[in-house]
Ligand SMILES: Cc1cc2nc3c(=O)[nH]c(=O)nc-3n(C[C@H](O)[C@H](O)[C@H](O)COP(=O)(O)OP(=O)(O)OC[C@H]3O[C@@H](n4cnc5c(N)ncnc54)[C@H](O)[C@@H]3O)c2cc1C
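Heads up, the chain below is alone and in the form predicted on its own; it's given as structure tokens.
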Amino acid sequence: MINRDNRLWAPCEEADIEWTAAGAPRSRMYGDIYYSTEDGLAESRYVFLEGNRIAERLDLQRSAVFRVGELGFGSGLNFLLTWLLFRERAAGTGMRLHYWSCERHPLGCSDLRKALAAWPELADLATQLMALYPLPVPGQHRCLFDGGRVTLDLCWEDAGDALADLAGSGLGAMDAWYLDGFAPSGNARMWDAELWQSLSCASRPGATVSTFTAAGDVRRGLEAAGFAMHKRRGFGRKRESLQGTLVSAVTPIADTVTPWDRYGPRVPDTSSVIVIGGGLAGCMTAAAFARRDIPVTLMERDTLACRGSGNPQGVIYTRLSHRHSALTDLSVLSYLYALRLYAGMFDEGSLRQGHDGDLCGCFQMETERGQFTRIQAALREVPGLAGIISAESAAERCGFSPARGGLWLPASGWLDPRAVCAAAIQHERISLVDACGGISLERRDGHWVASSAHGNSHRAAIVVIAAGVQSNAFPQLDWLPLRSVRGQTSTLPASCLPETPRAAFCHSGYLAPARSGEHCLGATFDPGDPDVSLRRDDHRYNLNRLAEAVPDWEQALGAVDIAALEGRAELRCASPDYLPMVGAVPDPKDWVQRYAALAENARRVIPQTGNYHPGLFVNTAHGSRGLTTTPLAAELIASQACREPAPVNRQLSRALAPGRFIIRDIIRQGRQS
């Protein structure tokens, strides 16, 4: 299981490329080319697509999901060819393609663009890949294409670590493998025998594998992992290559942690879904299931985005630190995924530029001098993520003079959460049922039944509770330690400011550029305060913080008539550790007994998977970062419900799982006894 906690944060080391006389990329580190200089397209098609009989299997499967795993993403050529073949063979079907690939040294954007320019027949797909190609930020990055029919998971990780993490999920999900690392003679680590057991555990029975090499160590290692291997004619000047089929399962890799996050072998029923809660978490969750062609009933007690997701503007925000932690990694990876998603929504027209939001950049002012100094060197390697700038440079970008320097987030900006919610559920597979009043939930005849206060009931195999602070009002979640935080925003007429902000601004509060002549300004932070009536003192508090952040505005803000200001006050849902609660809902009474031994030894590995309410999930406690974290959280829940490889590594998934609080309570009680 990948664990980076407390390690220094640093970007991935990108590939060091030189270009051959024929215009092909070559790795200086490994002394090898990325694809054949004779005919790279033909080589990839022969070795990997034909070697795994992809076309034949797509024709036969015709439904569900076909999953391809790859060691060595390189130039992305194999992915593009697989995607192209999928488009040709699976058109008009309900089939989806899930492509999982790892790469320790990803190509930089300019090198990738140059490499793919050699294949004009792939130009359309290559352009789409380049638009979503992740920055060299360590971790797993999910990219969606063709309306979600094609999922690309790119793991910027060591192959051994990434494979072990995938195998540790216990899914055994992959249908085919492309082994496309650099030659064993130059990159022995990519062909280590320990990888093959992980690869076998991550595969379905009958999964296939192919590679360009015919090295005996590779063949014997794969055979020991349960693959029946044989040689076939190689491509071009290569005499032989290998292909094989998984014919016998190997012993699963022993868990190094108690596998409470894993489910039993039950086959999930994904015929229908109910999502309870019409805020960002609920709407994003509904959209994630709809992309998988699953009908969703979205139930809301009032109207869409009327509670914590009802502010007219919010900022897409991330949290950077010089050290890894679950909170830092979630903040960065969810931020990057959200930006890819929102950019696509603007491109397709479901969000309107300037009206529903604007990815105009965001300046995050340091709250104390030197706050970001320890991450400055690392950020120089990923300017597309963030950069440290002076107050003077910030003034040039933002159109006003902040009190201090800080972080410039070039791809960030602001959004109208209400518009995001409405756009997310514009899908033929989503039915909105609002004005439900109080919603009750019970298990009946093998299904979940959710009933409105008016007596109308809906049945589904899967239910996701995304009801914010009201989530633990359901008896299945009455143990969940949710925290309510009151926040008040102020609506400030643009005419009150002497300058026109051109970018979103985060300080101890936030300010968004004007929308329809008004700025959204906020927000207060009052844990445990249930009163949502507007307070003049809170308007003054918001204005005073902005005046401290932009001293030039002090006089103008001091002259604002507080009594005339409008705004909103609502309750945000948070957790004790500031991480969202995302995942399957456990049976707490069973867990207290099942994992009682952890009270005596927290590091003890109890080899029992978790017992969960069948088909019940929760997605809540996103605090003030809902625009950033809910899209990735929704993908995580849909992946878990459908038994798919997750969009985050296992450690991060465990850090988000609601069951973590049960485990912590068991351990804490043991220490106190």
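Heads up: residue numbers just count along the shown sequence, starting at 1. The model shown is predicted, which means the values in this text are computed figures rather than measured ones.
As for the form predicted together with the ligand, it is not shown, yet the points below apply to it.
A.B. asks: Tell me, which of Thr297, Ser575, Gln470, Gln476 has a heavy atom within 4.5 angstroms of the ligand in the model of the complex?
C.D. replies: Of the candidates Thr297, Ser575, Gln470, Gln476, Gln470 is the one lying within 4.5 Å of the ligand in the model of the complex.
A.B. asks: Go through Cys306, Ala602, Ala596, Leu84 and name the one with a heavy atom inside 4.5 Å of the ligand in the model of the complex.
C.D. replies: It is Cys306 that has a heavy atom within 4.5 Å of the partner.
A.B. asks: Residue-level question: is Ala281 within 4.5 Å of the ligand in the model of the complex, judged on heavy atoms?
C.D. replies: Ala281: contacts the ligand in the model of the complex.
A.B. asks: Would you check, heavy atoms only and a 4.5 Å threshold, whether Ile439 touches the ligand in the model of the complex?
C.D. replies: Yes - in the model of the complex, heavy atoms of Ile439 and the ligand come within 4.5 Å of each other.
A.B. asks: Could you confirm whether Arg301 comes within 4.5 Å of the ligand in the model of the complex, counting heavy atoms only?
C.D. replies: Contact with the ligand, yes.
A.B. asks: Whether Gly623 contacts the ligand in the model of the complex should be assessed with a 4.5 Å heavy atom distance threshold; does it?
C.D. replies: Residue-level check for Gly623: yes, a contact with the ligand.
A.B. asks: The ligand isn't shown here, but in the model of the complex, which of 108-116, 315-323, 550-558, 376-384 has heavy atoms within 4.5 Å of it?
C.D. replies: Residues of 315-323 come within 4.5 Å of the partner.
A.B. asks: Any residue of 484-515 with a heavy atom within 4.5 Å of the ligand in the model of the complex counts; write them all down in order.
C.D. replies: The stretch 484-515, when checked against the ligand in the model of the complex, contributes Gly487, Gln488, Thr489, Tyr510 at the 4.5 Å heavy-atom cut-off.
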